[in-house]
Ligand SMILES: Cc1ncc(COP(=O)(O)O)c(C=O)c1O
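In the form predicted on its own, a lone chain appears below as structure tokens.
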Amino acid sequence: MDLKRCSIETQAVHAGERAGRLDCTPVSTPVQRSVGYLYESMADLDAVFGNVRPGYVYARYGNPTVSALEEAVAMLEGGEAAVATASGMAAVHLVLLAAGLRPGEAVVAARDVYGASYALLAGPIRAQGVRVTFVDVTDLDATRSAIEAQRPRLVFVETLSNPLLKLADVPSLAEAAHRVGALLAVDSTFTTPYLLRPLACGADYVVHSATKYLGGHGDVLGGVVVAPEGRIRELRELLKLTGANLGPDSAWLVLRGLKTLVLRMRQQCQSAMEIARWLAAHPDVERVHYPGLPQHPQHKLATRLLRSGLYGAMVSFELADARRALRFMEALRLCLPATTLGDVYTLVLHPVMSSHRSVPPAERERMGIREGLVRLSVGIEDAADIIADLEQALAASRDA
């Protein structure tokens, strides 16, 4: 139909849409916001619906901008495929669903995972009749014994734990899990594919909160799972049902963030090492958790598993008590007391108040998350400026 001959009401709806393709390719991936897609042949539409041919039919089933992000993250992780979700926790939940957990079956998980992951496992997953066993993954013998005893469907760990930065020996855990027929899911948010590729170490799923280092600018919420093609097909079918899709605008922001991931991570890791050394020598700091320090109990493992000379951009340290930790955070002027991490900004968080608030106090104590613990996400600012701000805030906290 010639749109020029239609009424202005009709023209207002259709003008400028579905224009013919130009004989050129945009340098930057465009944002495709359409919910629905058209095909001249209903047979083609049916084939896309049935996964017989590639294409798009409805935003919950897939989106070109989101697909571009999924392809990029899968490539960075050295994986076959990926699926993006609305948040990191949506990605974790999707993996738990895909594992096919049923009443009476088991999950073995690292005890000091992110607070929301812990709460999901200890609450709703257990409430469905799943046996959830939390272990200290730094004790490899005890973890192997738990896996042998429980014979779980899934083993779930973080490459570097939040917030105590305990390292999971992913190759050894993959071997132990596969020996009993279990799957290994690894949350690699803290390490990113630049520092470690868990799939190459034997993991079955890699999970990211794309909100953090992948996006990198504190302006987008998202998650990604990377796995072999067959597992991603299962995840995508589950995503169609659960609806925790990542929107195209958010996907574009994460895709843009990936362009500078290596540059940001390299700078942040180098600064984190300098800051960790400075904190370790400070008289007001009782303890520093950072795998790059020789005194860290897993320093040798970190040196073996992570990219040479880089140990992550997260540093945790302990002050005398909660009152002093909160006074320290209030006194900061450059570093920002915000409840996230992985930004270009240096961010400080009190885990007891925020990230692990949902974990019972007795369990937090068992994890080693004490009242005076502070988590520092190092940004891309000059390390000397970050240290100067930490110094004045520590001095101010003495009044507490």
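Keep in mind the model is a prediction, meaning the values are calculated, not measured. When you see a residue number, it is the position in the sequence shown, counting from 1.
Form predicted together with the named molecule: not shown, discussed below.
Participant: Test of understanding: in the model of the complex, would Leu341 fall inside 4.5 Å of the named molecule by heavy atoms?
Facilitator: Output for Leu341 is yes: heavy atoms within 4.5 Å of the named molecule.
Participant: Going by a heavy atom distance of 4.5 Å, is Cys201 a contact of the named molecule in the model of the complex?
Facilitator: No, no contact at 4.5 Å.
Participant: So in the model of the complex, is the named molecule close enough to Thr133 to count as touching (4.5 Å, heavy atoms)?
Facilitator: It does not: once the named molecule is placed as it appears in the model of the complex, Thr133 has no heavy atom within 4.5 Å of it.
Participant: Test of understanding: in the model of the complex, would Ala280 fall inside 4.5 Å of the named molecule by heavy atoms?
Facilitator: Answer no; every heavy atom of Ala280 is more than 4.5 Å from the named molecule in the model of the complex.
Participant: Check each of Gly312, Gly216, Pro193, Gly222 and return the one that places a heavy atom within 4.5 angstroms of the named molecule in the model of the complex.
Facilitator: Residue within 4.5 Å of the partner: Gly222.
Participant: Consider the chain as shown here, without its partner, and state which of Asn245, Thr211, Gln268, Thr143 has a heavy atom within 4.5 Å of the named molecule in the model of the complex.
Facilitator: Answer to the contact question: Thr211.
Participant: Just one stretch in 268-276, 181-189, 118-126, 291-299 has heavy atoms within 4.5 Å of the named molecule in the model of the complex, so which one is it?
Facilitator: Residues of 181-189 come within 4.5 Å of the partner.
Participant: Suppose contact means any heavy atom within 4.5 Å; which members of 85-108 contact the named molecule in the model of the complex?
Facilitator: In sequence order, Ser87, Gly88, Met89 come within 4.5 Å of the partner.
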